[in-house]
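Heads up, the chain below is alone and in the form predicted on its own; it's given as structure tokens.
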């Protein structure tokens, strides 16, 4: 009597959806993205392509996490992370994390429904590229000094914001400022009187901005989040950006390590591929382990984050993955250059773009040391009982 094959276990719908998102991102990257593209874009006034951004919007990625009421897909951070990881593996310079995740979710988490109805459909359609201007000083936890003074129903903003991404090409800024006893979030379109953006070239060849606000008038209709909900809205969107940013770093790790292992297979020395040398094999395995540990941690953190929890618990989760991803990415970036030898230092070889991008993004939104401190503070580590 023939035995019947065991019934196949049906794929979890959420996992199937995530797999399909990955496949679409991989196909897009294969057709549209090349690491060498960075060599051309870094010479342009804006270091990304708005036409490609529009194409990404048509794929549904700019609105992946945004509410369905405004044209988005209302998916979670795990789904967005899957897309970001595959696109960044091919060195995506378009500001998907900075604009679609960080700025988009800040607007979505605010309490101004009319402004959401105005801005979010434009972001979903690819017609708007917003940036977040929140950091003051060198550290992400530096006290907010910018102030929003009430002027009737409107506000007047003064302050200086650093490390704004994207700098060049942003259509407007979500700005955080002290507002009474709370934190307010305000939408300031690019070119607003009194808002001066100074651009500087970052390590990865893209521009970051310093936004100086001098008596900038903001109408009540451009208040993204009132002081009642501003701090909570910011924390939520910041944590989502940290997780998506960690996925971006993971994709960069994969791209850099793929390029390095391919080089080890093809570079011949003493009559054999250098990848056959045991010392280099051990180093490559160590880097692979760091990559896969980061991938496993990212999956777990995204799942736990979507399950919810207290503010401190979510803060700790986001900082946990950002610290790990930053450290692992920096280790892989350094080793990738070293294992390529002299060619790895040349501008003509693409592995340098991975190195520079990792250096820039491992520090953006806080480096590993800052997030270990944030994790410790939110987890209660070191507190006296």
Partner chain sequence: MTNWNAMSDEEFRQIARKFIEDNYPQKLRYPSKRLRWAEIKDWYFTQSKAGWIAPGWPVEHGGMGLAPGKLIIWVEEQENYGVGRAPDHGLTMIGPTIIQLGSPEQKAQYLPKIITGEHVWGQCYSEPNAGSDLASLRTEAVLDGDHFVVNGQKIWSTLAQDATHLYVLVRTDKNVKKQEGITFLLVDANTPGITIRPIMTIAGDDKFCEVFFDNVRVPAANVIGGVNKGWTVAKTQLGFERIFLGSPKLPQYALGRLEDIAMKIGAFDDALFTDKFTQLKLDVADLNALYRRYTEIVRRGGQLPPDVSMLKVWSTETYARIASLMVEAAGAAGGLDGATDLGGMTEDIMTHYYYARPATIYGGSNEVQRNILSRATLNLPG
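Small disclaimer: the values here were computed from a predicted structure and weren't measured. Positions refer to the first chain, counted from 1.
Only in words, not in the display: the form predicted in complex with its partner chain, which the text now covers.
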| property | result |
| --- | --- |
| Its partner chain contact in the predicted bound form: residue 338, any heavy atom under 4.5 Å | yes |
| Close approach of residue 69 to its partner chain in the predicted bound form, 4.5 Å, heavy atom | no |
| 4.5 Å heavy atom contact, residue 138 and its partner chain in the predicted bound form | yes |
| Residue 344: touches its partner chain in the predicted bound form, heavy atom cutoff 4.5 angstroms | yes |
| Stretch from 196-204, 221-229, 149-157, 124-132 whose residues place a heavy atom within 4.5 Å of its partner chain in the predicted bound form | 196-204 |
| Check all three, 217, 303 and 306, heavy atom within 4.5 Å of its partner chain in the predicted bound form | no |
| Among the candidates 78, 314, 144, 208, the residue which, in the predicted bound form, approaches its partner chain to within 4.5 Å (heavy atoms) | 208 |
| Residues in 276-308 close to its partner chain in the predicted bound form, defined by a heavy atom within 4.5 Å, in order | 280, 283 |
